[in-house]
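So this first bit is one chain, no partners, the form predicted alone, shown in structure tokens.
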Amino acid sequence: MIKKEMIAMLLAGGQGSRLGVLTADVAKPAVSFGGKYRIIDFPLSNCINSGVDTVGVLTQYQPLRLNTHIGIGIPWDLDRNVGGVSILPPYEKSTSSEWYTGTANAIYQNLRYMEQYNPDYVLILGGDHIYKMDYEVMLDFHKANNADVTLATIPVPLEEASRFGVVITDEHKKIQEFEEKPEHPRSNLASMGIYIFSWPVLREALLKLKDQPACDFGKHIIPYCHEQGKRIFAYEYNGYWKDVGTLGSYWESNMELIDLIPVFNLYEEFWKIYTKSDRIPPQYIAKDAVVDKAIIGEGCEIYGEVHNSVIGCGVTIEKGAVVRDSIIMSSTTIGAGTTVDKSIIAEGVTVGKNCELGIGEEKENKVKPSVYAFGLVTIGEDSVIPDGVKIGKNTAISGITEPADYPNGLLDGGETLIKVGDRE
């Protein structure tokens, strides 16, 4: 039996439905971020920077892009003979076959994977947060308190606390009470969905609750451990941490990267974020182009203007085009004379010439008001926008669209245009 002190289990199977058309064909952890990265690069980089060299990545929803990106883990130095990175999809057993139905159920279904490493500790991670954390420091805290379970926690504004699992601790950071998404929170210390379990405690809890429908850490495992009198502690993290689960928070966290003094710095030498990089040519910025406060990916050709935006790799912005306050993902083309304001445009999109995106007043989206909000235009990958159309705010477009899809050349604010079956 191989012996590892701590292994990581990274939950990367989520659909991310609140990102709308951005996750129609791709799992949320595989969505582009910051021009050249994908969201999953952050927890994977944290693992190797923290000395955790054995990572199981649990996939389920639309895993192809994620699997291709991770490969055998070379960019993160996780291509190991012993340990390294392993993709763990649901699989058919001799007695039954089932999808992962909850976070803890997914971990339970991979008990055999964990047992082969006989770890002292198991680190549970989500694959959809942007942050830098040294898990070794958290493990030291766990050991120092002789803890059975340690939750990473972060202070949040009290008015937002009802979105999280909230903990109440004593003066020694020992958790007295845990409430999952309480209507009236009594604390602002929120669980980050990052846990360190002493292995015997996790194994016993998973086996005990294996028949619990949709077994979840926040709803079932943590309360069970609390009832059993286990020592549960809160490790308070005070760095940058962003749940990019909504289009608003996703847009905002990308924009924060280009602040004069970014709150989240991608350029630090001592804590690098690694990613799979394609071999593509250098960027080209034409003589008459204007670039102001922007991240520009490799292989881009900029002939127009880019202001306060994050531009992915291999993007072409044609002459006379103006892009402001937007995220343009890789291999997209913005046609000549087009204006793009406060938009999120996914990979492989073609926006025609002389279009206007993000015009007019804000109107509530008619189909999914809680998703397509924040005054954004959101365009799904491989979509085509014809020449000369105007698109309002809080809109969503997916598919190959034609002039006939735009009455009087306009998609009004709050409208949704989906041309590919059920890609809502």
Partner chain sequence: MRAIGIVLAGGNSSRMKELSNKRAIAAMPIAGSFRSIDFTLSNMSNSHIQKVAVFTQYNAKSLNEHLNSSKWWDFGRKQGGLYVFTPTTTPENSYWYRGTADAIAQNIGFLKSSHEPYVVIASGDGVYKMDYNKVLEYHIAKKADFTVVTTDMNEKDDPSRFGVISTDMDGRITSFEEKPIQAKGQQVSAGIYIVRRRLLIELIEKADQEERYDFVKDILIRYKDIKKIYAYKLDTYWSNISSVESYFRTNMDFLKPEIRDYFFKQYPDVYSKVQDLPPAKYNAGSDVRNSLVSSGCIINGQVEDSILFKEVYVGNNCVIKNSIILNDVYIGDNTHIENCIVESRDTIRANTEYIGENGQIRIVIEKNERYAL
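Numbering follows the first chain given and starts at 1. Nothing here was measured: the structure is a model prediction, and the numbers come from that model.
Separately, the form predicted together with its partner chain exists; it is not shown, and the next lines address it.
Heavy atoms of Thr169 never reach within 4.5 Å of its partner chain in the model of the complex, leaving it off the interface. Residue contact with its partner chain in the model of the complex: Asn145 places no heavy atom within 4.5 Å of it. Of the heavy atoms in Trp241, none are within 4.5 Å of its partner chain in the model of the complex.
In the model of the complex, at least one heavy atom of Lys36 sits within 4.5 Å of a heavy atom of its partner chain. Shown without its partner, this chain lists Tyr131, Tyr303, Tyr113, Tyr237 as candidates; in the model of the complex, only Tyr303 has a non-hydrogen atom within 4.5 angstroms of its partner chain.
Ile273 is the sole member of Ile273, Ile175, Val349, Val149 with a non-hydrogen atom lying within 4.5 angstroms of its partner chain in the model of the complex. Taken together, Ile74, Ile285 and Ile295 are fully in contact with its partner chain in the model of the complex: each brings a heavy atom within 4.5 Å. Comment: 252-260 is the region of 252-260, 120-128, 321-329, 191-199 lying near its partner chain in the model of the complex, near meaning a non-hydrogen atom within 4.5 Å.
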